[in-house]
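Given as structure tokens, the chain that follows is alone and in the form predicted alone.
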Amino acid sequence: MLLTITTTTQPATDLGFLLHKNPGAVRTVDLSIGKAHVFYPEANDDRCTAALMLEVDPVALVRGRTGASGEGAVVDQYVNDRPYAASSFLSVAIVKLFGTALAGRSNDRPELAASAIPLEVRIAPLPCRGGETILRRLFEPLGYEVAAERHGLDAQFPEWGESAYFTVTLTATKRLAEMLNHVYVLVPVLDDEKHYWVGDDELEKLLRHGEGWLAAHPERDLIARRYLKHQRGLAREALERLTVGEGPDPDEAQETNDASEAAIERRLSLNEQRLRAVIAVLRGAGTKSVVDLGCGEGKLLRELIDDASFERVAGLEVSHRSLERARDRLMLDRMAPMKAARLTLWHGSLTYRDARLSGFDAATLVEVIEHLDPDRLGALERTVFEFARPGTVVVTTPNSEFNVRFETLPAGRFRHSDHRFEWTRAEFRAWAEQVARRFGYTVRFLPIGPEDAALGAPTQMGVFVRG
């Protein structure tokens, strides 16, 4: 099996400092399952490629092994795909040969180790149990461009059909450590097999290598189950620790904060006015399909699904509890079949590329952007405006200038304790206009709620239309 990592950062040979492997030398390491080699097929200032080749000894794999019996079991031990297919053995080799890079450390180039650089990763052959679809579901939300070449079972017998093996190329601009951790976790997930004992140590490895990305991944349940070899207890514990952590339940805190925000705005019936304004814009645009990003408990979804002019409606939400509440609010289990067929609910994050979001006429972000840290807005912008790229995007957010009109809101406080910012009209306009320019949209601005001559309306809306 072969893993190659290519960069075009300048000078490209600095990849050697990141991997702690000299481009001018070949490094070979003995492993319990065979040998691993690191070498550089190309190394110059413009382009550098490091290759990790793993030679698995099938005899060494079963030497001294007990448990399996019978003729079929003996044959299976020696005749399998382990010597050539990327698997958990590749993850073992990554730790052994690229362990320092995996941890994100470089004594010689610390600033480069902390920087995102252009990377192209090629893995051959990679078993994808579930086909190309699951391959894309795992890597595309992490921001990778995915190219996959599927291999037939036998070129001499095309009637045998296609195999589960692909040559996969992943392209992205990321920190090298980030990419290595993604590969470390997701290769055995795609193979859907672990070739050694899976216990508490593996759970800790999953959490360690998944730090910073796994909790928000739309397929985190699948990842946990497969990585932990379908051991339900371990997978359940991993998911609990990913979603709950050491602090208070974030979903409970969200519900409390939502109630507080609703109480502040109740006198103006702002929520109802927002929903009516958003739906009016969608109808005016002739929208037939719409995805509500950050759909929460499904308030907008309920209005959309009750209107037959919206033929396809979807909601995306990162909170499992909110999705469950949305299902209850929408009464999905009792909804008429034809109506239910128009509605889809997805778990996922707005800051990761998600192929499911493509193909919609419109997307809505109703009181969502202010819940993101400002440094994550760029990821959201690419997810929505570059990758999903609907014809219309409707964004609403509080107008911070109006906050002085809320008698119960202390000066200097946000309407919702989870808000990371609340913008003035000028700040929102500046953000929206640069997003529109960058991604080829035009944008217009509409007030929602009673307008104050000096302060504007309590909610501001930006309507983006693709050029």
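Numbering starts at 1 and follows the sequence shown. A quick note: this is a predicted structure, and the numbers were derived from the prediction, not measured.
Keep in mind that the form predicted in complex with a small molecule is not shown, yet the notes after this line are about it.
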*Based on heavy atom distances of at most 4.5 Å to the small molecule in the predicted bound form, which listed stretch, 93 to 101, 129 to 137, 384 to 392, 350 to 358, is the contact stretch?*
350 to 358
*What is the one choice in T397, S106, S87, S322 with a heavy atom within 4.5 Å of the small molecule in the predicted bound form?*
S322
*Which residue among E367, D191, E202, E120 has a heavy atom within 4.5 angstroms of the small molecule in the predicted bound form?*
E367
*Touches the small molecule in the predicted bound form: V313 (any heavy atom, 4.5 Å)*: no
_With a cut-off of 4.5 Å between heavy atoms, is K299 one of the residues that contacts the small molecule in the predicted bound form?_
yes
*Report whether the minimum heavy atom distance between C295 and the small molecule in the predicted bound form is within 4.5 Å.*
yes
*Applying a 4.5 Å heavy atom distance criterion, does R150 contact the small molecule in the predicted bound form?*
no
*H371 and S115: do their C-alpha atoms lie closer or farther in the predicted bound form than in the form you see, with a change of 3 Å or more?*
farther
*Compared with this form, is the L206-H347 Cα separation smaller or larger in the predicted bound form, the difference being 3 Å or more?*
closer
